[in-house]
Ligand code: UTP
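Before any questions on binding or motion, here is one chain by itself as structure tokens, the form predicted on its own.
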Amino acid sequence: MTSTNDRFEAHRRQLAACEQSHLLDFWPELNEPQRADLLDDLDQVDLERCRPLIETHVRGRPRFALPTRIEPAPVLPVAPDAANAELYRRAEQLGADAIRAGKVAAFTVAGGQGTRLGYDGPKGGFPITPVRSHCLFHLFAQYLIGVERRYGTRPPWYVMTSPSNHEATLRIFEAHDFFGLDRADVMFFQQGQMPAFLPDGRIVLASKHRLALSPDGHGGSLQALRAGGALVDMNHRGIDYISYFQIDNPLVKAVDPLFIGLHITLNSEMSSKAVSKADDLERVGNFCLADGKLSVIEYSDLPEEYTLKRNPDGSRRFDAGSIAIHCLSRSFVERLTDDGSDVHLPWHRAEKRVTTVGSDGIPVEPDALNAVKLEMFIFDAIPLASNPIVLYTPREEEFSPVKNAEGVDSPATARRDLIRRAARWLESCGCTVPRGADGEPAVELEIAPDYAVDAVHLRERLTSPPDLTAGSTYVLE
């Protein structure tokens, strides 16, 4: 085992070579546990990766270069027209066959904390279901059990945490006996970290013994798959297709046979789902053809003249909003993350408020933007893929993120949408769902994903529709 002194000397030399020696300014004042914390933080910083970025993205301010030609992306419809009916039928069968053959894995990006929701812990532990108050992790675990019930094979689950919530995430799974999953089929690994920088290029020291570190963005999840050993594990299991989704969307289909089947049938390396935007300026990325390449342009980067454009029939011209649901071929992720690859996701610069330590060693809370954070975005991999495709999915079926404590995209709206979806599914089975004068279901409903993963599955399983009365609570499990 390397001694503290040896680790210190190695970091001292590296930091001096990169003009970051200030990170050790308070070393003589630290006790042994604090020194261990500082060295652990320094171990997470790849100085060779940071050095060129300091020049281009910290001291410099790269600007988004608007493509010369921006056109709407071609998007496959939710329901096929006559020309695509056979394609969708074959794709859904092929996707189901891939699931049954054990070629599909679920991959959840779960590095966030529930702070904005008033929850002290990993966001995946936040209680979300409308009746039983099961947490997001529990909901997705049940979904995978439901997939096994329908297709005979349970996909393995890869969960990316962050250093700030990794141990707490493991404790949640342990406390719930892995929510009924086989422990051998759940793999945890941590996301990479990037330091925050002062405008002059110095890495931020948040206290005498801690660096200001934060996750390297959801785009960093691809490199984390390799660094955490997930790609090797997938290869051993025969996994070819990775179903990617983020922890904060309780409506997501964690494994969707049609989506996977279209990805396979159309020889795509990376496929994405889109929803029709709620309004012209909705804060979601826009699927576009950027100089002929399928891409996502952030809402903040797409000029309003494009967001307001209309087709001859009055419909929105740039309508496909990105919702962070993807299917990736394992071979594509392996190629992108190979050490010898000359293709990398771009870094994005964001100015933030970050606690810094003063010359007296006392942390200072800034009252203005004072630092730069760098992150990668998963959608930047799309133009690097062969034959990328986009499939529309109904918002009401698959997109209701939990981001804010109140208002739009909050726990209240997600629970409302879970109840609305359960009502639609039951009505498709011939059940009468009581509704109020506003049209909302007048009953608290919850359909456990391990009972049915979608409306078709529910119709296959439900032998007799339940008798629902207004003001009642009903759980199908």
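Because the structure is a prediction, the values reported are computed rather than measured. A residue's number is simply how far along the shown sequence it sits, counting from 1.
The same protein also exists as the form predicted in complex with this ligand; that form is not shown, yet it is the one meant from here on.
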Select from the listed residues Val147, Val204, Leu391, Ala110 the one whose heavy atoms reach within 4.5 Å of this ligand in the model of the complex.
-> Ala110
Could you spot which one of Gly217, Pro257, Pro250, Gly321 gets a heavy atom to within 4.5 Å of this ligand in the model of the complex?
-> Gly217
Hey, in the model of the complex, is Gln223 touching this ligand, heavy atoms inside 4.5 Å?
-> no
Can any non-hydrogen atom of Gln246 be found within 4.5 angstroms of this ligand in the model of the complex?
-> yes
Find out whether any non-hydrogen atom of Ser341 is located within 4.5 angstroms of this ligand in the model of the complex, and reply yes or no.
-> no
Would you check, heavy atoms only and a 4.5 Å threshold, whether Lys403 touches this ligand in the model of the complex?
-> yes
Partner-facing stretch of 262-270, 176-184, 116-124, 283-291, counted where any non-hydrogen atom is within 4.5 angstroms of this ligand in the model of the complex = 116-124
Near this ligand in the model of the complex, with a heavy atom at 4.5 Å or closer, the residues from 154-172 are Met160
Distance flag for Pro127 and Gln113 (Cα, change 3 Å or more) in the model of the complex: the two residues are farther
Do Ser214 and Gln113 move together or apart in the model of the complex, judged by C-alpha distance changing 3 Å or more?
-> closer
